[in-house]
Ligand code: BDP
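Only one chain is given next, in structure tokens, and it is the form predicted on its own.
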């Protein structure tokens, strides 16, 4: 190598990391100075100092956050004080650590808020006006601090506060599908955050920032490794590394969990079997649990994917999912751990509609699981599709805690290339009525435990983080992480309100900007559904990597093909799940079943999910099914142009780096939306023999062009 080239290489190593924008790597916790001068003056008059009484790691990080937030938002140093000598002091703590708070008569109110809840009240101490953040536990104080700062970031009135808040669900976790080599399955934002090679010796600052972001939205757990687990994660070499991460996360109220490989006793324990009823196997897991808790005293427990997509499980030994889950639950129970057992199971050797298989396997096991087992159920019965009806298991297992599993990473919604706000998808499921106990038996009430008075509840989100400088690949991907956390804390929040919070915390409080971006976000998921899978179509993506359309995919195991799901032929299209077909509708309670059974009453967004209909079926618009399908594909692609034009209006308000980044990604999205539209319309035209309706521009290539596109090294695969 030439000397000058060597010099450049050495110089490059010392170039500091450069942020992509004012907030880009700080996500929604940028804490930039309040731009509205009137609001700024009001805040400065209301908050003049702060104090946190008590000394713990969690209270220390609460104090650091309060200092960081107040200084940034108010544009001046806000002092920490030991005595209340002025109006506007923020006083934070617990009755156990603060005599002031203990003497304020808040005990009864705090009793109803549990270990993570908090209250924020305007009051007076020694004739001085104060803002009090009080909680039963230190973690509640931290959550209260984040709530107050969120109110200030979004320019809410804090002049007179009287609020109480506590989570609706107990377990609120991110599921990381991260591998030990730092690749991420279905990850579209770079490599894994966890630098396993350098742990435990090197603790990246990213770990602490990750914990801050999660705590700010109430996430209290993280599953560090892929559900397609590697048994090595349970060996001492890796448990030391996991323990180092747990030490960083602990002050932020975040417990670590691990995906456990069911065959670990065979692969790393030298046993000949992993049979959950074998005494040696049970003893191995008991010893392993004890070993883990010696490394990590507050270890949360195991997430398990078993007997699904080739993963080992109890059925390999003629046992049930309950047998497997209960074995692990018994091992964890003395230590306070839980098992999250995934219900994502299906088998191509079973001659049954894939959408029915999880219900068929798990409903007979209702009431057979230990108290510290949650069955983790995806929002829909197939696999995180752009649109699915709610999973029929919700409302079908009254004796078993069911835990929601949402996907934050956009495996089927354009990866980190497409702007798709998932808040509307999450809420569509959470607000759906199962009718399990009559009207009002929503999915949200099933998962928060209120419908059947469950003792434990939870929600999981498949994470979209990576080592990209902006964490999630697409700046708007950050909103989906934020939204998941807010809904895991309270599944009854409004998706639009959450979107507005995120916009104001991320981009600022200019109302015309907020209005434009919020409209974009709220429309974005429906736009994507239209150019990908309108009218209830599903699972028509490309084979394997899932990048782009593949309605023609027909080779291999049937339940991994597209033709299995759309059933398109010369007569019509759609999967018949009524009594004349697979009868998957029998798994829903009668009001839901009756609504969907009749194509005249079935909501059109689920029409082809439940019905195989002729191409000339008359839609509510008066168009034929074929025409409506074409128009929706074209409308979806056209609306991406609308997204681009709307984003252009924000140029003067959004920092240049993020504006240009989103602008470029929207150009890619426009191109790929056209690709989806053209490929799908041409394929379904080839099957139906119908002409593309007049007024719609014909695709620029023929069908064979799209069928022969090949892609290599697609992210996340």
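Positions refer to the first chain, counted from 1. Predicted model, so just to flag it, every value in this text is computed and none were measured.
There is another form of this protein, the form predicted together with beta-D-glucopyranuronic acid, and it is not shown here; the text below is about that form.
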Where, among 451-459, 254-262, 223-231, 237-245, do residues come within 4.5 Å of beta-D-glucopyranuronic acid in the predicted complex by heavy atom distance? 223-231
Proximity to beta-D-glucopyranuronic acid in the predicted complex, single hit among 194, 362, 344, 406 (heavy atom within 4.5 Å): 344
Could you tell me which one of 285, 482, 565, 177 places a heavy atom within 4.5 Å of beta-D-glucopyranuronic acid in the predicted complex? 177
Residues 518, 644 and 659 are flagged as a possible site; in the predicted complex, is every one of them within 4.5 Å of beta-D-glucopyranuronic acid by some non-hydrogen atom? no
How about residue 412 - does it come within 4.5 Å of beta-D-glucopyranuronic acid in the predicted complex, if we only consider non-hydrogen atoms? yes
If we define contact as a non-hydrogen atom of the residue within 4.5 angstroms of the partner, is residue 546 a contact of beta-D-glucopyranuronic acid in the predicted complex? yes
At 4.5 Å between heavy atoms, is residue 185 in contact with beta-D-glucopyranuronic acid in the predicted complex? yes
In the predicted complex, does residue 321 have a heavy atom within 4.5 Å of beta-D-glucopyranuronic acid? no
Residues in 274-313 that come within 4.5 Å of beta-D-glucopyranuronic acid in the predicted complex by at least one heavy atom, in order, are 305, 309
